[in-house]
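A single chain comes next, written as structure tokens; it is the form predicted on its own.
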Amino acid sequence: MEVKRNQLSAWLYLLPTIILMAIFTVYPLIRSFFMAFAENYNYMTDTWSSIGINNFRIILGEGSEFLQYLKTTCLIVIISVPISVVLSLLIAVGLNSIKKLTKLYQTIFFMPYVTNSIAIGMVFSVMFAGDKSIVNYVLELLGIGGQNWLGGVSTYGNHASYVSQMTVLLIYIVWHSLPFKILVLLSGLQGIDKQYYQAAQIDSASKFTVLTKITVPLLSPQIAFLTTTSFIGAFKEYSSVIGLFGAKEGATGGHYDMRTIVGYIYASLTDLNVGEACAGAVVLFVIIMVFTLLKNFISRKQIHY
């Protein structure tokens, strides 16, 4: 009797959250799936002509903008996620070995996480934009030569290449994603039993051996979590593009359109192409689910609890 009463109390406490999730998460998700198949959907009158897959034919057809943005998004995911996870691991290991001013260094590395992403993107655009940008100035001092990174009129060429724009975008995304990963890995490192490292020191194991044979295996739960969430976050990347290239003309950087899948969804909603926007959202949902399930299947035997 007491158990049933406790269960009822628990459900009553959870009821407000369940109701809010049903209204603002579950219902919109189901509604989006439906509207993805509703052809000629009218947002104002909530009417449609028929149910079919025409919206998917439009966004996945040859030469569609969606496929271009899908390519950009996949490049961001494939390149930024491994680099950010590896860098955050190395930085976390380095910070964990520092005894003095540890909290100060942790605060410095965590600052980008609490800073507005649009503001950071604007700072990066200033650093890379123009002939007299900070980055070009440093490159000229090193004798490497400057580059038209973000487009616009420049003595280095009237158009920035897709590679140069993608390079700036990836640098920004990786830099902005490091703080949270470092914090998670630091907490994991501080929970590792010091006896493992003492035994490795007795055996005269190298730092590389300690990192690969002790630290990484014991941090595998945190690494798996960060990898999964990073994949999801990278597929939903949007604010970084707006911060660097601006919202005008769909965040174009000079000659190339650098929008991602989420940017396409927002642009379609702005143009009241609700069916195409929902179809793009469904495709994004399926891609994220497939990547997440595949990643969990591969790493299942490599995680040590």
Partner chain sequence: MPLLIIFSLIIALFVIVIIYKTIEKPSRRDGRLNHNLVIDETIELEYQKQIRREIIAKVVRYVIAYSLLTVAAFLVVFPFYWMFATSVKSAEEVMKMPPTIFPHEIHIENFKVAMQSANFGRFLINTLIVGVFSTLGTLVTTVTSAFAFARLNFRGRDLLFSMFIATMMIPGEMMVITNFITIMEWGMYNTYAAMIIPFWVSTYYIYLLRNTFKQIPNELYYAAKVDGTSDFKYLLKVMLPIASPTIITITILKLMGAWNSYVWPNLITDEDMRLITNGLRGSFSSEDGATVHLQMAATTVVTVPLLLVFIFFRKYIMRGVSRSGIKG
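Owing to the predicted nature of the structure, the values given are computational and were not obtained by experimental measurement. Residue numbers count along the first chain shown, from 1.
Separately, the form predicted in complex with the partner chain exists; it is not shown, and the next lines address it.
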So the partner chain isn't shown here. In the predicted bound form, which residue out of 74, 170, 224, 91 has a non-hydrogen atom within 4.5 Å of it? 91
What I'd like checked is whether 60, 69 and 164 together line the partner chain in the predicted bound form, meaning each has a non-hydrogen atom within 4.5 Å of it. no
Can residue 146 be called a contact residue for the partner chain in the predicted bound form at 4.5 Å between heavy atoms? no
Does the partner chain get within 4.5 angstroms of any non-hydrogen atom of residue 78 in the predicted bound form? no
Within a 4.5 Å heavy atom cut-off, is residue 290 in contact with the partner chain in the predicted bound form? no
Under a 4.5 Å heavy atom criterion, is residue 20 part of the interface with the partner chain in the predicted bound form? yes
Do any residues of 120-140 have a non-hydrogen atom within 4.5 angstroms of the partner chain in the predicted bound form? If so, which ones, in sequence order? 120, 122, 123, 124, 126, 127, 131, 132, 133, 134, 137
